[in-house]
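Below you'll find only one chain, the form predicted on its own, shown as structure tokens.
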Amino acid sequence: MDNLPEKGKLSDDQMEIIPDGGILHQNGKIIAVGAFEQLKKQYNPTTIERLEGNYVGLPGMIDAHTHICWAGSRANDYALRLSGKSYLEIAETGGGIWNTVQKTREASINELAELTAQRAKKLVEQGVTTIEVKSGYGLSVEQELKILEAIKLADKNTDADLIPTCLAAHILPKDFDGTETEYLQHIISKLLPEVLKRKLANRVDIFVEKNAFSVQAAKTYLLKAKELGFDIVLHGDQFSVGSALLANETSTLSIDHLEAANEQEIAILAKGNVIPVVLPGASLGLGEPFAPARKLLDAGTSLVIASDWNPGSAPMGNLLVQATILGTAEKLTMTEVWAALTCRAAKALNKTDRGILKSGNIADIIAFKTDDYKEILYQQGQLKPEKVWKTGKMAT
């Protein structure tokens, strides 16, 4: 995937296939990728691991949008949705994000770290070696710092790399006595400097939606976070439009969701370099339409697929299953799907050292027991990786 363009549609003849391939790695980094016998002759490695049988090796998958640090359950929300209540209606009557905030505030750092590590372990078993993890269920300076500390602790107890994002601007907390502007200023002045001081995250996110934050308030917040040195991203166009222009104007790294994006929003994104991150798990969890992935690619944007694993709208958490379902619904080529899970996902996290099997990258590798890479998506998640290496070491 080294030669794939960063944006636009992709055909399957652009997927580089190396028959009888091998990967040479040392000290957690890839030294070379090529034909197995040629690597043996060229490098004369003293230790060779030859996998018996047929395998397809791919870069470790990257889940660029998750909320896996939480406590509690929102099964009741799910039941209410099945009975006809909308996500916004449930939130207005005490369910939704605020319900998880209350449960997460009650949990200790160690409890949250353990829950996060357990969920990360499941993702590693599915072949995900890099996982973005958002805060956002604390919604106060003290509680957001607690969650980010828990993510940092969990990162030490999982094989995956956990990439933290500060989502203190998830919703306006019900116990904050002030406007959205006052809350965001409070976060800017009291929380974000402390996040930087403790080195807890270098990414900031905000949810722009009717029951969250306005475009105007979000613009000021994102630009100030950017001035502090954070990479900025946003939740946008999930239920209503208006976030694409905001994303372009603030040069966010990505805009995530886009289920409600229309032709105008897509055209706006096509003029810039913001990376669309689509979240099929949220569509499946809420019974809503998928983001227009095909149209985004045809318009010339990039495309990343992430799980959005969270306790409310996206409880599945299985990235490969979600990607195969979205690929079928949106008529994505296999190359477009794999790029959205690997090299293009790496760009969405501003990580240039992964997502492609090439010299110099970290040795994050997954192997599926099959002789044809097409079988992996064809089996829609039934075929799971048999082997996962994280920085060259077999994951446990």
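In this text, residue numbers run from 1 along the sequence as written. Computed from a predicted structure; not experimentally measured.
Same protein, other form: the form predicted in complex with N-(iminomethyl)-L-glutamic acid, not shown, and the subject of what follows.
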- line: N-(iminomethyl)-L-glutamic acid in the predicted complex has a heavy atom of only one listed residue within 4.5 Å, and of G317, P311, P292, G127 that residue is P311
- line: As a check of understanding, the residue in Y87, F213, Y183, F230 with any heavy atom within 4.5 Å of N-(iminomethyl)-L-glutamic acid in the predicted complex should be identified as Y87
message: Just to confirm the contact call: exactly one of 25-33, 353-361, 63-71, 39-47 touches N-(iminomethyl)-L-glutamic acid in the predicted complex at a 4.5 Å heavy atom cutoff, so which is it?
response: 63-71
Contact label in the predicted complex: Q238 to N-(iminomethyl)-L-glutamic acid, heavy atom within 4.5 Å: yes
- prompt: Is there a non-hydrogen atom of Y137 within 4.5 angstroms of a non-hydrogen atom of N-(iminomethyl)-L-glutamic acid in the predicted complex?
  reply: yes
field: Residue contact check: A306 to N-(iminomethyl)-L-glutamic acid in the predicted complex, 4.5 Å heavy atom
entry: no
message: Check I97 for me: does it contact N-(iminomethyl)-L-glutamic acid in the predicted complex (non-hydrogen atoms, 4.5 angstroms)?
response: yes
field: Stretch 162-176 - residues with a heavy atom within 4.5 Å of N-(iminomethyl)-L-glutamic acid in the predicted complex
entry: H170
